[in-house]
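One chain comes next, on its own, written as structure tokens: the form predicted alone.
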């Protein structure tokens, strides 16, 4: 007889573990199945170079929600955030710009480039944060089906619209964010290309877009959705990003959650339109009336299920769900931290820039995207160097350091050649940028791990290596994520749920998708009793 559980979670990433932990706390006998040797998905810490612990994929704590941190009591299980500095942006000519959560401090940096921009920045911050506050509420909503195909969908859509009726006055602000390019949106406020680049930089992080791409303004806001007050702030997680997922796993285990690693799912089993369990690649099977998939929608519905079990229109929506990625990551063990020519501790107000953006102008960011748009890696990529070992002594040997370089753009599929033959070319281009702003950095490298989009895809299963499981554009958000009519964490197969970043509100180490999915699973479970 096959082992039987109340619920099975496919994929031990942070959302899968979060969903499982909430279900276990509600008394649901839950099993998490993880293909790799370690749980965590994109939030893992691994000793790739002996003595050096890399946050291999994700690299900063910025979106993990306070509700998840509190509900799962993560601090009890080793979760601790170490502060990162304000964002430091080196510029050509040994100049720099600083961006801070402190509005006055940001103004003091901006005024060096434009008095007008500095003066208007507090108004812009208030204006944008009003939209952010609305989106923060929407994070926790289960998207209704606005097509109102049945009475339940009509009732839930009507309740949603009534709940947010006061948002009407700010509706056009949200439409602007969802449809405008980042540069067009910011140009309505700021004249300096350096200041616009500070804010537009986020629109390319993990997405195949430039600051002049329609819809890229939303991605700027997506990176501001974290709520950090009372949650230990934002910054580096002590022990690396894997400490987050280890804490979630331990929290779930304390309430009976079972996790199996080295357990690769081959198929989701169904019977009469309802899920009945999963089969692994080794032939073993686990039975359950509830299965929640933390892996991408494309794998869940196009690989694990027979096509005939799903509506043709739904299959087409999943097939056309855009996942093409141009993000890369280089994890470096090194003798010394980058020494930026433009950095001056006294002027900047902090000892060392642990969080840096190299993408000095709108034109720089757009040209990096232009190269990728036509199938080549960026001649001059934008790069985010972060240096956790400056504040966390647990990730590197004494006197040595870990530096993570995240950047864009490096297309998953190159127009000429492939990543096996051109990987070194990417490294050379990235190091040229690093050495331009931090001379001599590349000469102190001990070893490195280079992750192109195909590498990311092979490691964590996200199609094309997309860090958000899919583009964050208006047609792939809220009630269209990942497909119209199925944005409520459910699926056309009864008992089969979505709990990963392909679902609302999308990617980032936030835990909200897992929490929301668990809520809907428990709601349906209560209704069946």
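Please read these numbers as outputs of a predicted model, since none were measured by experiment. Residue numbers count along the first chain shown, from 1.
One more form of this protein exists, namely the form predicted together with a small molecule; it is left out here, but the text below deals with it.
query: Applying a 4.5 Å heavy atom distance criterion, does residue 319 contact the small molecule in the predicted bound form?
result: Result no; residue 319 lies far from the small molecule in the predicted bound form.
- request: Report yes if any heavy atom of residue 16 sits within 4.5 Å of a heavy atom of the small molecule in the predicted bound form; otherwise report no.
  value: Judged by the heavy-atom cut-off of 4.5 Å, residue 16 is in contact with the small molecule in the predicted bound form.
- request: Mark residue 184 yes when one of its heavy atoms lies within 4.5 Å of a heavy atom of the small molecule in the predicted bound form, and no otherwise.
  value: No, residue 184 is distant from the partner.
message: in the predicted bound form, is there a heavy atom of the small molecule that lies within 4.5 Å of any heavy atom of residue 30, even though the partner is absent here?
response: Although the small molecule is absent here, residue 30 would stay clear of it in the predicted bound form, with no heavy atoms inside 4.5 Å.
field: Per-stretch contact check against the small molecule in the predicted bound form, the hit in 483 to 491, 66 to 74, 53 to 61, 22 to 30 (non-hydrogen atom, 4.5 angstroms)
entry: One stretch meets the cut-off, namely 53 to 61.
query: Quick one: of 362, 396, 456, 434, which gets a non-hydrogen atom within 4.5 angstroms of the small molecule in the predicted bound form?
result: For this set of options, the contacting one is 456.
message: Quick one: 135, 173 and 478 and the small molecule in the predicted bound form, is every residue within 4.5 Å by at least one heavy atom?
response: No, none of 135, 173 and 478 comes within 4.5 Å of the small molecule in the predicted bound form.
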